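Below you will find one chain, with nothing else, as structure tokens; this is the form predicted on its own, and questions on how it binds or moves follow later.
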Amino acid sequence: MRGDIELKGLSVSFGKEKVLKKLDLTVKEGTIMAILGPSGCGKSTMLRVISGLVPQNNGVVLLGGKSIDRLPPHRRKMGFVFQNYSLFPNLTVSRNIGFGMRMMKMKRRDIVKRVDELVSLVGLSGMEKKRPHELSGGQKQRVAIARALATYPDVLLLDEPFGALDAKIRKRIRRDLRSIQRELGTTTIFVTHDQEEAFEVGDQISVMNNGVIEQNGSAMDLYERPGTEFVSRFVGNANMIELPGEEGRTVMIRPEDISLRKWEDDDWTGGTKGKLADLIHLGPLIESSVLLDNGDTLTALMSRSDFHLKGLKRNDEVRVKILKFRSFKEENI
């Protein structure tokens, strides 16, 4: 069964703890939806409900417009990739990938053909006879992805799949996953707490918090037009300032939307006075901690070349200008 995945009014409780709270979500067929959120927000539970491993208390899971709630996990045609790989240590790469097909009693020649296709697709040619202990972390995760795809699933579910890998390997495998998904067109839901992963992998991104979806949109939507204070804080870095005289209104300012110059520069007027309290060198960028005269502290981000061109250094008195901001009313927080 193919089509959009729809979650409608999904609620899950473990005892008195409400993990999912009338959650709604639509994932378009053939796309990757990245679910971005902090640990404990319910995103892994949501995947397990979709796969049939955890029953919901209320709500419905639809695939192609039809409920799959009564189908057991093995009949939902879903591939699941876990963070810890879950490979069989005594089986070779080929036999790990073909395990699900053997359980389905597919013909041997079809299994061999499919395994060969997937080994090539995930970049493991020449490693077919190796066992998991002979593989790197990245190679193990490629085997896990190939195994999940082997039975031609309608939906691929990935639960923090790259969390155990180092940064460079994560980046390479993310791009490989994106390429594989585009080639196969498998509808994919990718759970992560890492913003960079979500932005790089997802066609759409849903930010999840405390059992609900706070906002859904593209990476640009979420970064430039966050709908709630939580989204603005969780997606990227943000300065939050309470406006004086406007109770319940918070202003969000991205660090790159703050411009700094030395206070004594005659060709630049206006702005607020502050002091460069600290600097952090981030390669091509410099992050500045600016203490304003009113006691607020802002984080500003500038290119290294611009920072040095303006002759700035630690403890300088500076003129601070806000180029762009977004405000939130109390009811949105």
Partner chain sequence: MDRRRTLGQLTKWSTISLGVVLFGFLVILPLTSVFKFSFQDGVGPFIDAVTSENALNAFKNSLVIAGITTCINMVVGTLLAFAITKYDFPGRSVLKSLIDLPIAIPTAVVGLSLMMLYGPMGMLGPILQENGIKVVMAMPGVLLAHVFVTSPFMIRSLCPVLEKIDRNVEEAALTLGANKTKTFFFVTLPSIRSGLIAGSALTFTRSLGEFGATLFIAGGMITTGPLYIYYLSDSSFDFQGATSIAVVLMVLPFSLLLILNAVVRKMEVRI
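Because the structure is predicted, anything quoted here is derived from the model rather than measured. Positions refer to the first chain, counted from 1.
Heads up, the form predicted together with its partner chain isn't pictured, but that's what we're talking about next.
Out of the listed residues 180, 87, 238, 191, 87 is the one that sits within 4.5 Å of its partner chain in the predicted bound form by at least one heavy atom.
Interface residue among 137, 73, 217, 227 relative to its partner chain in the predicted bound form, by the heavy atom within 4.5 Å criterion: 73. Contact check for residue 28: every heavy atom lies farther than 4.5 Å from its partner chain in the predicted bound form. Among residues of the shown chain, residue 167 is not one whose heavy atoms approach its partner chain to within 4.5 Å in the predicted bound form. Mapping the unseen interface onto this chain, residue 109 falls outside it, with no heavy atom inside 4.5 Å of its partner chain in the predicted bound form.
For the chain shown alone, residue 131 is a contact residue for its partner chain in the predicted bound form, at least one non-hydrogen atom being within 4.5 angstroms.
Across the options 29-37, 301-309, 274-282, 45-53, residues that bring heavy atoms within 4.5 Å of its partner chain in the predicted bound form belong to 45-53. The partner is not shown here, but in the predicted bound form the stretch 100-130 reaches within 4.5 angstroms of its partner chain through a heavy atom at 100, 103, 105.
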